[in-house]
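Here we start with a single chain on its own, the form predicted alone, put down as structure tokens.
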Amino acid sequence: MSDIAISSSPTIPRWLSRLKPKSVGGAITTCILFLGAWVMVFPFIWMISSSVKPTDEVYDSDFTIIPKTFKGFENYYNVMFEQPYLMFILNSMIVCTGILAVQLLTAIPAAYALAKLKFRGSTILFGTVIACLTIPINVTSIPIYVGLVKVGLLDTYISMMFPFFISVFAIFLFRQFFKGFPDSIIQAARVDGFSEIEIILRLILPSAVPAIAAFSVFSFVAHWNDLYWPLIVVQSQDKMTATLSIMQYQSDFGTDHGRIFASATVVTMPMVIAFLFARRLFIRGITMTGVKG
């Protein structure tokens, strides 16, 4: 009877018996990550594909990655040479660099004070910084715009940079990083006669390079891609940023989608290249600025 029972039991394929639960879980995780990566990458593939197509083919119902009619040379030539694109890039560089410089100049001392100095109201002040993270620029855009109109600063670099000079996110990020800096080193520096400014410049800043690099990527990308505020305060082509220049291909007579996507591709490339060069410092900065009490 035992022989009959054994022989009648279903046979399990060898490949299925070798499949371990860990490998099944790993395969599922890999599929989920691949799906997530495809969702993130596909818009860029679509952008590049559409940049080499004529307008009538961009939103064709019969969508294909490879264009039926290649119009890449014409689209990219128009973006790069028929418009003052280098001026747009220069404007974006001036705005992003100016914003970043003032943000670092204001955020690092403020973050150091919240992290290492003991004074009355520091907890309330830090809570205020956290609360300010929830306030979008759209809430303050109207009073800032009215103020810029009153002082005659519209259509200037200052008008594009002014709302972003103080970054509460930078203060929070650097404060979390500075909390991990040893207090014993700071106390020893004070005993040796270092002022607080000297401690920041000679001790804190060299150790904060990863955090500064991480925030610089955040800041540069955010303001390079910003369309909302330049669209409000810029009134001439001379002050247009690279992102705002994309709007030139949209008019009452129609929208040249091929050139819009070509312009979007050219605008995106500098940030992608910059991130590829700074990715190690960026990842290191993010991992070293965990939440500390």
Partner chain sequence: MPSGVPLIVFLTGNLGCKMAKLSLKNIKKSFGSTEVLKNISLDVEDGEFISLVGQSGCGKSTLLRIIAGLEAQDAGDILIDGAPMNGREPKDRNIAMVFQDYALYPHMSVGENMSMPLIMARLPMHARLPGIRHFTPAHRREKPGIDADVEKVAKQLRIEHLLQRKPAQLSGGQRQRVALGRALVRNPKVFLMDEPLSNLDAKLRVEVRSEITELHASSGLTFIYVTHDQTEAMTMSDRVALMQDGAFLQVGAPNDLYANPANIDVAKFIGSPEINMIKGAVTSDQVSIGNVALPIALDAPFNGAVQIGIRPEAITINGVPGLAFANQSERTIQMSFNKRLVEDLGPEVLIHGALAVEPNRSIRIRAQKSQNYGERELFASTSQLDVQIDPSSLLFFDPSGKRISSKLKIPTHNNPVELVGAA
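It should be emphasised that the depicted structure is a prediction, and the values quoted were computed from it without experimental measurement. Numbering follows the first chain given and starts at 1.
The protein also exists as the form predicted together with the partner chain; that form is not presented, and the subsequent description refers to it.
With the partner chain left out of view, the stretch that reaches within 4.5 Å of it through heavy atoms in the predicted complex is, among 80-88, 144-152, 215-223, 190-198, 190-198. In the predicted complex, the partner chain sits beyond 4.5 Å of every heavy atom of Gly121. Taking the partner from the other structure, the partner chain in the predicted complex has no heavy atom within 4.5 Å of any heavy atom of Ala101. Under a 4.5 angstroms non-hydrogen atom cutoff, the partner chain in the predicted complex has Leu203 among its neighbouring residues. By the criterion of a heavy atom within 4.5 Å, Asn138 is excluded from the residues contacting the partner chain in the predicted complex. Checked against the partner chain in the predicted complex, the candidates Val129, Ile166, Ile94, Ile185 yield a single residue with a heavy atom inside 4.5 Å, and that residue is Ile185.
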